[in-house]
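One chain follows as structure tokens, the form predicted alone.
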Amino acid sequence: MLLAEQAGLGGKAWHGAVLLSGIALYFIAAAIFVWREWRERQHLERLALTDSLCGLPNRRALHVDSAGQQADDAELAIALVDLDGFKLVNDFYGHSVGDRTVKAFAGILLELCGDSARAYRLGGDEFAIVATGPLAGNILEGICRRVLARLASPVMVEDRAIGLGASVGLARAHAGQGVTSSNLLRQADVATGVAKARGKGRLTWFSEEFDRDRAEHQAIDLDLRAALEREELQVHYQPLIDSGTGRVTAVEALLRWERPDGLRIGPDKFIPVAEETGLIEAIGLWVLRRACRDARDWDGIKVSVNVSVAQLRNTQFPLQLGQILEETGFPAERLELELTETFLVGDPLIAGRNLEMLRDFGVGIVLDDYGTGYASIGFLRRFRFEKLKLDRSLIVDAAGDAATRTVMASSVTMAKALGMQVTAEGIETEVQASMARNAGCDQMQGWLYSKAVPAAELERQLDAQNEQLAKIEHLPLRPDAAKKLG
């Protein structure tokens, strides 16, 4: 009996031990499951905060880190680094090399940041660097200057030497100011845009003035769009004088804007805004059409119209030009398109092809602002301009400096040897006019002769010129001139 009872108790103990073991295994399995779930979530969160290409933390991680690092007395400083020339890497070598270039640059940032700051990839060719602490701004600026110095030499990607540059915008604030990382990143982005506009390859700290400028730009953009729709813009014409005869032989079309309230907005204000917003293409076509209409009956007078980089890059521009010439009936041989070397240097292959298409219409191509850039003899031979316009600064400096006069004279000689005509811009004194004439310039342009005037006033100047020529040569007036003078 006792043995049976003992056996029963032993069975119960055994069953109890088995039950406890099962419960323990259940909790162990549950713990393992929870741990695996936690580890998977951690892995997914790390992936969500990490750039998949180069392994740097991403934009989301920047905001998470910045929110967790700010102490009341700490300074938070953010730099936005935008690679210059990265698009050319993708275009020339392909996206595979572009991706490896991104990885190489990420490695440079990690090396230069060390333990003082943290690097992030925001996407594409945009990176950020964040520093916190009492001297965060100074530390960050030092790192960014080392980044720019490193990019002065090519970045090695496998066996290729890749030339890169960077524009850097920086912004900072103390945590107590309540400025978020999103706002600081926006400020750094604005500063980066300013750095690019100032010539790239540099760093710029954000200033409140930049926001005021952007607000002004936005207001100008809205007003300019409305002005274009209401045709409030005007085209004025500045004469080009033949150096030998003193006659007006050509004019340059110049855009003017006077608002309904009488306020005049200078081209130096609204043209950069139009270029930034993309409105410059529509404005450029409007000016071209207006100039062709106005000048159609100006017998023998050539018209020069400035063409923007955006227009030249547009593959549809030659077609648009042809349509305007057909629509207005303006002779193509009397139209000259003025352009600067910026587009030609940046995209020489596209530029050469587009210029040939434009020449097929019979228009002349003019290089404007010569003497302010880097155009060489090879550059001039390659693009075969019909005319060279010496920049006003070259004329002004030549009047008081013998070395500059030599440069100007040699430029004229070179242009003539290449079959180009030469116009001297910005002539304001008789001394400058005599100097340009003696150097061999074919045409003069400047306030000494006339400022830019509306079409009606220019027509009166042309009629007066024709009347004087008729008296000198004892020739009858043109019927339309005689009617106007009537």
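Computed from a predicted model, the values in this text were never measured in an experiment. The first residue of the shown sequence is 1; numbering continues from there.
There is also a form predicted in complex with a small molecule; it is not shown, and the following applies to it.
Proximity to the small molecule in the predicted bound form, defined as a heavy atom within 4.5 Å, singles out one entry of L122, I280, L325, A409, which is I280. Put simply, of D223, E141, D368, D84 only one has a heavy atom within 4.5 Å of the small molecule in the predicted bound form, and it is D368.
Of the candidate stretches 442-450, 413-421, 52-60, 457-465, only 442-450 has residues with heavy atoms within 4.5 Å of the small molecule in the predicted bound form. Among heavy atoms of T132, none comes within 4.5 Å of the small molecule in the predicted bound form.
Looking at Q238, you'd find a heavy atom of it within 4.5 angstroms of the small molecule in the predicted bound form. Contact annotation: V287 falls within 4.5 Å of the small molecule in the predicted bound form, judged by heavy atom distances. Not displayed here, the small molecule is kept clear of E336 by more than 4.5 Å at the level of heavy atoms in the predicted bound form. Looking at the small molecule in the predicted bound form, residues L184, D189 and A195 place no heavy atom within 4.5 Å of it.
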